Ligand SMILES: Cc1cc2nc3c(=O)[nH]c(=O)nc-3n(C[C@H](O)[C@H](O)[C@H](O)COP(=O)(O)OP(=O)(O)OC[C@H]3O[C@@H](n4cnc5c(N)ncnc54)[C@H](O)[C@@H]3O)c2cc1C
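For reference, the chain that follows is the form predicted on its own, supplied as structure tokens.
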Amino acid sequence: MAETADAVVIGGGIHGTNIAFHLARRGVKKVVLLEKTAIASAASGKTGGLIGSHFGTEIKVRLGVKALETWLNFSEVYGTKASPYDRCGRVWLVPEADVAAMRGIVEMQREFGSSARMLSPEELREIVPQIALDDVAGIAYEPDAGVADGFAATNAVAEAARRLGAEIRVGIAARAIAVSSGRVVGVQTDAGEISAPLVFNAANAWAPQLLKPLGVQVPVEPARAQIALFRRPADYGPRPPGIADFVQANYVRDHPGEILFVGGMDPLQEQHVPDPDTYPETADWDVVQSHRDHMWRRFPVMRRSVFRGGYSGIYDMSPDLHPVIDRVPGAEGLFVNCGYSGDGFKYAPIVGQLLVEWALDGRPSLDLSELRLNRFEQGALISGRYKYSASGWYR
């Protein structure tokens, strides 16, 4: 006889754990989260953890601003003693061609409640005196933004959900989603079937595989994102904020151990992989060298840095670089949440809340219709008010 639950969440990343947390917080009695490997074992555990709201589309700005409220109050929301969120601020750098777009984005951020503002080079050097800005024409700054420890944050949310009564089952994979008479009825797992009237598929790049047998095509593909770690020299200077460099299409952030964490800003340049279960989890030396060269140009003092390693994570890439957050057609009670294309970590606190509102109240408190699944077949790909020409993808 099948086990029964009130809701099943598939995926133990930052999105899945937040959905489980909000379900339990709303009083859903039996919430089961399924994670086949470990909490934060995939994208959430390898993320750059950049938090902020500087994006070219209104929906991303609104989600980023709302999510930041939770990141700033992480300990209170999730009941932790220490917060994994570091309010170190975030900086965005652009060339001359993109200054007008940057000003427009900052205005949009402020319209929705962000503390973002433009900075002069002199103002930025007060924060980051070691930075080289000869090729930079525009600087935006969001002082409340910052970075988070992805592994620690995801596990803290999972533990908060557990304290509220959710069952976190690690080592149990979801193998199929069962639908009958137009409704979801449960999930087939390695350990047997779980019957449930609500199922949330938050399995990142693995999410489309679970929907394909239902005749639902989700055009999300896995891509390999590579980062490099460099030990800062003793005379590096003050710890940096998170920096998104659209002149060079890379980002840097502080990492524990006096490390500078360097990754690429353009997800369209990342290598697509056929199978998210078998991709190389190391970093290629040519990518490490590229990250190093960009870092040296922006921070000349880092020419005396020491390479400390690198690794790869997985992006779940959608055609327009925006997520799919929707009810699955023909399966009442089934929701899908994937396709963030490299910037999904920051949104998880608010997306979890919105999905649970949608499931329990009939509609989310923030309109998510722009992120519907059928926009791809309708030719309604999302394109923002502002794009950065330097890297071409910033939507």
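Bear in mind the structure is a predicted one, so any value in this text is a computation, not a measurement. Residue positions are given as counts along the sequence shown, with the first one as 1.
The next section is about a form of this same protein that is not shown, the form predicted together with the named molecule.
- In plain terms, the part of the chain that comes close to the named molecule in the predicted bound form, with a heavy atom within 4.5 Å, is 219-227 out of 294-302, 157-165, 219-227, 114-122.
- Only one of L34, L334, V31, V351 comes within 4.5 Å of the named molecule in the predicted bound form through a heavy atom, and that residue is L34.
- Mapping the unseen interface onto this chain, T47 counts among the residues with a heavy atom inside 4.5 Å of the named molecule in the predicted bound form.
- Contact check for L23: every heavy atom lies farther than 4.5 Å from the named molecule in the predicted bound form.
- The named molecule is not drawn, but in the predicted bound form it has no heavy atom within 4.5 Å of E357.
- The shortest heavy atom separation between A38 and the named molecule in the predicted bound form is within 4.5 Å.
- In the predicted bound form, not one residue of 259-275 has a heavy atom within 4.5 Å of the named molecule.
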